[in-house]
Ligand code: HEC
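Presented as C-alpha cells, the chain that follows is alone, the form predicted on its own.
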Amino acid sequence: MKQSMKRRKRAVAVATVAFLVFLTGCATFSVDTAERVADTTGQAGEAASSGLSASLRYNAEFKDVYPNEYRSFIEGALLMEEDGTAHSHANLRNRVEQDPQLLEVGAPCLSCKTAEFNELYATYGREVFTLPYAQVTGEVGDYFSCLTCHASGIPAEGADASLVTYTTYASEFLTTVDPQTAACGQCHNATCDYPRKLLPLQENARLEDFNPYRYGSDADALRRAVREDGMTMYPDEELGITVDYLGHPDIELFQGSQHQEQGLTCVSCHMPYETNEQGEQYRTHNASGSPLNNEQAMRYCLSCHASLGVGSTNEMRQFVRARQSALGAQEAEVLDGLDRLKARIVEAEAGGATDPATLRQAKEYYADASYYYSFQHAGADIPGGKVAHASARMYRYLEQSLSLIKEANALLQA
C-alpha cells in the first residue's frame, strides 16, 4: 500500500538525511563530546569523514557568553529521534555531506543551511545557485550558527530570519509572521526550491523578482503561484503525468492555526525554557528534538491543556500521540486510496475502453489528491507527526484528498 507513495516521496523530495550517530555512553554532555562535535575544517568531505562535527567560527564567540544555550545546542547532536536518526542542527554539516542527494543539489543546498551563504551570494551573485557544492563549501566555517536565527548578530536582541534567500523573495510574507517563527520558517518552508530551480532558468532573474506568496500561504494559493512561475513539477512515470510537490510547509501550515492564533511560535514548544543547576532559566537550543521528549515542553503545553482535563506531562504525551495516531490513520486511508486509484487508472488505460478525456480527468484528480496529502504531511518522520502544527487544516486537506479520490473512482466506474 505504502510503497508507491514512498517512491513518490523519494522522487520528489530532497531526501531526509538518515545519518545514524553510533555512540556509547554519550547521553550527557561532556567536554570531550563538545570538542568532537565542535571540530571542523570547513572543507568538503573532511568534516564528513572526521565523525561527529559541527562548525564553530561564529558559535565559538558566544559559547562562553551563553554557556547553557551552547551546551544544549551541542547536546542535540547526540540525541536520536523516533525514526532512529540524529536530526540536530549541531550535526548539520555531517548530515549534508553524507547525503549524495543533497550534495547533488550543489551550492544552493547551503542557502538554508548556513548564514554564511549570505556572503557567498554577495560574492557570486545569482551564479551561486548553479555552482557545485565542493566549489564553495571550503568558504563556509559555520553551518548552523547563532547568526542563522539571530539576524542582528546579537543573540540577546532576539530571533528573526537572517538568510538572504528567503528573506528576499518571501519578504512580504514575513511581515505577517512572528520573528521567532520566521527564524525557523526560513528553512522549514514549502518554497525552498524556488531559487535553485527558477534562477538558473530565467536569464537576469533576481531573488527580488519572485513572490510565491502573492496569493497567500495555503496549499491552493501556493500551487497557483508555483504553476504560474513555471516551477518544475515532479513526474509520475507510471501515469505519465506530473505532480505538484512543495517540500515541508511547516511555516505555511502553522500560520492561521489554533496555536499560532493563541500567540505561540515554533520556539514556544521546540525551544522551551529550561533551568540550570544554579536555578537560572534559559531557552534550550536543542531545537531539533521532538517536544514530546522534552519534559519542560510538556509542562508548557499543560499551561493551556490542563484546563481541558490533561492532568500530567505523561497524559500530555498520550494526548498528542493519540492525535498523531488518529491523523496517521486518515493519512493511511488516503495513501491506500491513492494506490488503489492509480492501479485502477493503469488498468483502465491498458484496457482501452475508457475514453481519453475521462482518463485525463481521473489522473488530474489523482495528482490533486496526492498534492493535498503531501502538503499536510509536511515531511513528518512518523504518520501524523506534525498534527500539533495545524490539525484542523491538515484534516481538511486529507478530506479534500479523499473527496478527489472518490470523484475519480466514480468517473472510472461510469
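In case it trips you up, residue 1 is the first one in the sequence shown, and so on. None of the values given here were measured: they were computed from a predicted structure.
One more form of this protein should be noted, the form predicted together with the named molecule, which is absent from this view; the next part is about it.
Listed stretches are 321-329, 190-198, 337-345, 118-126; the contact stretch with the named molecule in the model of the complex is 321-329, by a heavy atom cutoff of 4.5 Å. Only one of T168, Q135, Q202, S290 comes within 4.5 Å of the named molecule in the model of the complex through a heavy atom, and that residue is S290. Although the partner is absent from the chain shown here, none of A219, M233 and E399 has a heavy atom within 4.5 Å of the named molecule in the model of the complex. When contacts are judged by a 4.5 Å heavy atom cut-off, D368 does not count as touching the named molecule in the model of the complex. Interface residue remark: R224 is not counted as part of the site for the named molecule in the model of the complex, having no heavy atom within 4.5 Å. Although the partner is absent here, Y273 lies within 4.5 Å of the named molecule in the model of the complex, judged by heavy atoms.
Contact between I382 and the named molecule in the model of the complex is found at the 4.5 Å heavy atom cutoff. Heavy atoms closer than or equal to 4.5 Å to the named molecule in the model of the complex belong, across 332-360, to no residue whatsoever.
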